[in-house]
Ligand SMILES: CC(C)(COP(=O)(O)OP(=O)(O)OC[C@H]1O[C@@H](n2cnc3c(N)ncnc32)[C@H](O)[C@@H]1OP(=O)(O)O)[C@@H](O)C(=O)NCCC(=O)NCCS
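Only one chain is shown below, in structure tokens, and it's the form predicted on its own.
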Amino acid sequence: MKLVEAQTDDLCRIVDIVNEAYRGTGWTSEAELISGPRVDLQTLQEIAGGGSTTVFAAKDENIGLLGCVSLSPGDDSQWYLSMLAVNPAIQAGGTGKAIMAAAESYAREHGATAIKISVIQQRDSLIAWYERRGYRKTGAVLPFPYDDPSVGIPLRDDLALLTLTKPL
């Protein structure tokens, strides 16, 4: 697996993978908490095309696109990792761990001293997955962006985002 900066022709498939992973039926799904797409092509093009956020595609020369992740450098050398997704057809095979490790290596090589993530607080199994990878809860709880339609339609009124960090 190689983690490379996503190209324009990767973006449609990345949208599909992210929406399948976040809103499908796999263990990473948030479908019981949020409906609608997790990301659309226009939003992903804006993320990938502007600013400091880089969208990465995880590729295998025989299989093709396996998943994705995005990284944003922070002012304090603490980078933000988001949109980690693996094609649900190959989940639970170590691809997510490999993407995470490659993203952490990239961030470290480019000056990061830590990685920060946000996870919906009701996602106990996902939080545990990150904790097994060395991420720790910071105690910070951020409000869920209920007014941002680009993240989907919340099905509950008690959603919030836990912040986790991992020193590199």
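Note that residue numbering follows the sequence shown and begins at 1. These figures come from a predicted structure and were not determined experimentally.
This next part talks about the form predicted in complex with this ligand, which is not shown.
- Partner proximity in the predicted bound form, defined as non-hydrogen atoms within 4.5 angstroms of this ligand, places exactly one of 122-130, 39-47, 52-60, 136-144 at the interface: 122-130.
- Although the partner is absent here, residue 118 is a contact residue: one of its heavy atoms lies within 4.5 angstroms of this ligand in the predicted bound form.
- Proximity of residue 28 to this ligand in the predicted bound form: non-hydrogen atoms within 4.5 Å are present.
- Heavy atoms of residue 92 reach within 4.5 Å of this ligand in the predicted bound form, making it an interface residue.
- Among residues of the shown chain, residue 21 is one whose heavy atoms approach this ligand to within 4.5 Å in the predicted bound form.
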